[in-house]
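A lone chain, given as structure tokens: the form predicted on its own.
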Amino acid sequence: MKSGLVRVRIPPSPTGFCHVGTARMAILNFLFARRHGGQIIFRSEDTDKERSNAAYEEDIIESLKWLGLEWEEFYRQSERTLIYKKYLEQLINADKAYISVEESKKEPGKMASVVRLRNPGTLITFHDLIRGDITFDTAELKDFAIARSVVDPLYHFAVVADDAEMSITHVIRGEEHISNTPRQILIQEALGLARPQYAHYPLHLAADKSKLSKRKGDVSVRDYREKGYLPQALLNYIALLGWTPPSGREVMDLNDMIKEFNIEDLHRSGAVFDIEKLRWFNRQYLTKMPEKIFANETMRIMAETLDVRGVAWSENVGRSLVTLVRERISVWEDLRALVSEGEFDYFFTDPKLDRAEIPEKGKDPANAARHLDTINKILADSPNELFADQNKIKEAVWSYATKEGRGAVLWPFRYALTGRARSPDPFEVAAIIGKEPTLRRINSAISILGNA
């Protein structure tokens, strides 16, 4: 690394929502700049007038800030026309560029003017911090267009002018931009501008190793946010796509990543975006979330989702389910799905029971009724305090269940409480719903078994 203040740019094109590719570019630039005590410039490259949209720009800014990123300076290319005009006129006046009148590509048969760079057709070699030296023969580029007019620059020209004006020292971007580099270097040389250092990292890939893009399968950050992924988890996972920290750690906060980040450590092959691995990361952060924050979000989601389904909400019951929920979900979307599918209904409302399912499969209904009657008497005679601890409920019925056969006793007990073949053990359910609902459900199952 040469001495001097490091300055990098985050240059998204606001033609769509902030996708993972944009976030990854921003994260890598952020880590590099902060690792070297440098500065970050956010540059909205909105020169595509037909596709650029202020709403997309706002989404990109909001999404990157949600991930925990920040920058020192902000620019918008659409507001910098006079700067580009100055540089274009400089080239035209020096006969290093010229105005050409030719058939419009957008409107065949109609003539339009473009500004073209006089290409010297030289060999260009630049050093890539990740890939080493890369050489291009620029003769095949011919005299390429750099502007539609002196007040309407094309992408390559605007980028070069901005990088110079903003004193960008390092251009860190995806490998799809490698082919853009010789054009930009030719423009730099024609203008007599300094060349920044380049680093082109491999793209991240779909599970089938195919290329992801904004238009093909590269999900937006807002989608993950809406599904309940935590910003720290998404940031952590994206940062480690194609990068292995020297420590080998996976779960790292932003400060730890900054301390370990080295641009040369980025892998040279594409990294597969694995949604299951992202879920794993999110679970690590969910399990570390402070109890109060986790509980509040759990109850908010459960209350909202149950309300949509018309199931009465109980805050006391919901609070009792927090530990159970933490054991079962990797992302908040999982909780919404479980509640929507009725997985927790029996905690809030008495279940509908199927007479054939109350006994353990293949067992005599009369025996099931006898076991439930015995459990009912044991629990009815127990003090209310017993229901504050699932272990004490278990102790109260365990000897009887062991004597009579645990499956034969506990299956109808659990089914009577939940109406489900799969659910938490009956002691946990009883402790959460309380004594009165427990006895009511047991008696209901006994009544159903008695009505042959």
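From a predicted model like this one, the values you see are computed outputs, not experimental measurements. The first residue of the sequence shown is number 1, and the count goes up from there.
Keep in mind that the form predicted in complex with a small molecule is not shown, yet the notes after this line are about it.
- Contact check for residue 59: no non-hydrogen atom falls within 4.5 Å of the small molecule in the predicted complex.
- Contact annotation: residue 155 falls within 4.5 Å of the small molecule in the predicted complex, judged by heavy atom distances.
- Proximity of residue 159 to the small molecule in the predicted complex: non-hydrogen atoms within 4.5 Å are present.
- Although the partner is absent here, residue 370 sits far enough away that none of its heavy atoms falls within 4.5 Å of the small molecule in the predicted complex.
- Only one segment in the set 143-151, 171-179, 248-256, 344-352 has residues whose heavy atoms sit within 4.5 Å of the small molecule in the predicted complex; it is 171-179.
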